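First comes one chain, alone, set out as structure tokens in the form predicted alone.
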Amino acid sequence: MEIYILNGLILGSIYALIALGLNLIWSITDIPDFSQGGIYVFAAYAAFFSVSLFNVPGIVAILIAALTGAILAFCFEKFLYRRWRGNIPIQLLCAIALFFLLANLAIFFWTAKSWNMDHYIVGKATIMGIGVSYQRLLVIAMVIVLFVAINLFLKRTKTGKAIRAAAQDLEVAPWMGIDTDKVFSIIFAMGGALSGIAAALITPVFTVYPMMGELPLLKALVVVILGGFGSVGGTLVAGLGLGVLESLGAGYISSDYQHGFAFLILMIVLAFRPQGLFGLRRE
């Protein structure tokens, strides 16, 4: 059981990290930003090539992936989403189109071949009698650190408080002196950076390939709904919980149904608590 829990925590950490950026974007703009799946792919390739071609240290590769994600998301918001602000259906279609565009561009540039990437940290630790690579432990550790940092940023900084105010009532926010254009740019850049970091962390554990963003994106969307809109802690708990439940289900029931467990859990939770496990009921 221990190995399933550890693997679940690693997967759940990635789900939660992508979901955190999605939650910030979705709770303010009402857009489930599917383009984050494509951003995840491009950031993974940025980390992969920075290590394989230029032999940069792991922390630099992670920063490059974060910067790649932040720039892409910032540009999408500024030059595309902003043009149709208030028209949610058009913005949603744009987000879906961007996801498929980025995935197909990845195939065009780098073919459909999957690539293996060296671990940033070599070696293993023994936990509960199980050998776990330092790379896998790095995933969990960095995700926890990032969640704490984002939570402190939202609660302690002026910009973070502006983001929270916009999430509570976007129409009233400008009357309180909040620059909503700036808030939108910041949250999209943050979301892209978090997706980029998630991609850079998980790529050495698995592989990099053009359609690698599909499942993490869908699971992140599930995590946002399960955790509740605007809840940072809820996103982390829901992400880790979903990863563990998936891993246990795959281990004890069947791996054939692994990806279906997430949506079964989602339907059960929504039937009894539509606002998510930790979210407030939205009017």
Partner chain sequence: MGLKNKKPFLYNKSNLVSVIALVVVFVALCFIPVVYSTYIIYVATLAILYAMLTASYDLLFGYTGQLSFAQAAFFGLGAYCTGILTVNLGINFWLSLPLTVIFALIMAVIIGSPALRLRGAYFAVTTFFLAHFVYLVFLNSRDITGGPLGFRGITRPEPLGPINFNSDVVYYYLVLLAAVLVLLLLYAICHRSELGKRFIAIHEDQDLAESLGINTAFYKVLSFSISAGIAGFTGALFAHFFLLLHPQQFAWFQSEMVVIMTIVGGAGTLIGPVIGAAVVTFVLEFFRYAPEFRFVIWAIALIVILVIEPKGLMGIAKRIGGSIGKLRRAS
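Positions refer to the first chain, counted from 1. Given the structure is predicted, the values throughout are model-derived calculations rather than measurements.
Keep in mind that the form predicted in complex with its partner chain is not shown, yet the notes after this line are about it.
Engineer: With the partner left out of view, is Tyr257 within 4.5 angstroms of its partner chain in the model of the complex by any non-hydrogen atom?
Structural biologist: It does: once its partner chain is placed as it appears in the model of the complex, Tyr257 has a heavy atom within 4.5 Å of it.
Engineer: With the cut-off set at 4.5 Å between non-hydrogen atoms, does Arg83 touch its partner chain in the model of the complex?
Structural biologist: Although its partner chain is absent here, Arg83 would touch it in the model of the complex, with heavy atoms inside 4.5 Å.
Engineer: Is Gly251 close enough to touch its partner chain in the model of the complex, meaning at least one heavy atom pair within 4.5 Å?
Structural biologist: No, Gly251 is distant from the partner.
Engineer: Is it the case that Thr157, even though its partner is missing from this view, gets within 4.5 Å of its partner chain in the model of the complex, heavy atoms only?
Structural biologist: No, Thr157 is distant from the partner.
Engineer: Looking at 66-74, 38-46, 51-59, 24-32, which lies within 4.5 angstroms of its partner chain in the model of the complex, counting heavy atoms?
Structural biologist: After filtering at 4.5 Å, what remains is 24-32.
Engineer: Among Leu92, Leu98 and Leu215, does every residue place a heavy atom within 4.5 Å of its partner chain in the model of the complex?
Structural biologist: Per the other structure, all of Leu92, Leu98 and Leu215 touch its partner chain.
Engineer: Which of these residues, Val172, Ile130, Ile88, Val148, gets a heavy atom within 4.5 Å of its partner chain in the model of the complex?
Structural biologist: Contact residue from the list: Ile88.
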